[in-house]
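As a starting point, one isolated chain is supplied in structure tokens, in the form predicted on its own.
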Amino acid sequence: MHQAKMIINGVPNTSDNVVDVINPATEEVFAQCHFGDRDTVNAAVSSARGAFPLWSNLSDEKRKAKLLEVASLLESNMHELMELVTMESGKPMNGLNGIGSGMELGGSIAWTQVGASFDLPVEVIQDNEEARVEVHRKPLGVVASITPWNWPLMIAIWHVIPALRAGNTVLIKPSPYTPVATSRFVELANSVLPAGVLNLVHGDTEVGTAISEHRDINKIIFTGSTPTGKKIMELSASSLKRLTLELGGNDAGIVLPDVQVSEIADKLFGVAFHNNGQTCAALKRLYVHESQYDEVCEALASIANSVKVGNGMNPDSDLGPLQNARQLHIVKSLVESARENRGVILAGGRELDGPGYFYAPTIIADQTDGDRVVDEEQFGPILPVIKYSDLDEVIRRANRNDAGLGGSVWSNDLDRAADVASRLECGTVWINDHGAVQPDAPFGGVKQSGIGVEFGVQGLKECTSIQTIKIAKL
């Protein structure tokens, strides 16, 4: 049985508090996770603090080289890590449109390689006979990463690599639902990184609270729900920690009436349902003009009824299970709410037989703003299709939601689509696509969807502080 151990100062650590890890496709225990506590967090922070002088004073080229070694380790251990991701998260090895654990590992490798390549040169803003003024980017110290269960390894990479590249040392706490692949990644990374540079502590609320309150942690990077992000922000306030919070999304897509439905239906379905809808920046509310509403609904329902839902280890599976029983309950509750509120279930709307947290991909018509399945983030295999008649009105409706992570516009008229995109209140807008993030383009939310950005040079800068040096010339 797999053992997800903690790693402090380069050494694996166990504890007496051992928690089972469930495979969501079988509901069977496939691993055990060793939980830490407040004392474990203190030890990990002390280890990271002790390693900071060495790591932060390494040259940029040496830090880059170490991170590229980490990327090579991910690549050489790719199949093992893919299997661990599939067993703990449920996502298929291949998945719908190739978005599964293979994509998660490929993305992890790419983000590590690209993230290692960024530079933050000294910026000179004045250099004349009077003075030279330079802006330097300096590492913060100890950065804590708290990751979710939906993309456990890739989001860990998103947090860890820029923090390390900037010269910080790191403590990571994975989700207790999905600790195994991250534990293996940290173990591999510690074979090439200096001891104490990357530490890992498993745990639940006690560990998360200890991290949030710890005065020797300089920054927290968190991906997860808005309520938890607010709690982290509250607990961190006493020490004025820096924060990057990528929180919940309820992304709206607007289909303009000039499109050919047959040309976009497969893509619309894919961007809503990959990873079973368990992606912050998945399409979650689809607004369609009344002239094409029935055609879009029919096309999406047909696709939903054709995809294969099953164990992620089966190479034919398009979609796997929900990751945990709690999320399955949320999905069932939202569908039942729609059913009771005049919603028309065009496909799915039912839990699948057998073990595992499986739910049929579900298309829902005749719901609108104000209904739970539209207003609340489903984070599962549900897509409400919402009718509109007036473009200005639908933009207002899309913006009325508290979330502001991503959005999309679908049209053959790219200029018109770009104009609509500029009016959407969200951190990223895609045109004729949705959720397609990349390592060199900044990504983050507005409103209740977060603070700060990740990826690219902009994300790297968030792992630093500014020091301005003014040299007066005598």
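In this text the structure is predicted, and so the values were computed from the model without any measurement. When you see a residue number, it is the position in the sequence shown, counting from 1.
One more form of this protein exists, namely the form predicted in complex with a small molecule; it is left out here, but the text below deals with it.
Remark: of stretches 260 to 268, 118 to 126, 285 to 293, 139 to 147, the one touching the small molecule in the predicted bound form is 139 to 147 (heavy atom within 4.5 Å). With a 4.5 Å cutoff on heavy atoms, T205 counts as touching the small molecule in the predicted bound form.
At least one heavy atom of K173 is located within 4.5 Å of the small molecule in the predicted bound form.
The small molecule in the predicted bound form comes within 4.5 Å of a heavy atom belonging to E246.
Taking the partner from elsewhere, V70 is found to have every heavy atom lying beyond 4.5 Å of the small molecule in the predicted bound form.
For the candidate set N341, S333, N97, T209, a heavy atom within 4.5 Å of the small molecule in the predicted bound form is found for exactly one residue, namely T209. Exactly one listed residue, out of L81, I155, V186, V180, brings a non-hydrogen atom to within 4.5 Å of the small molecule in the predicted bound form: I155.
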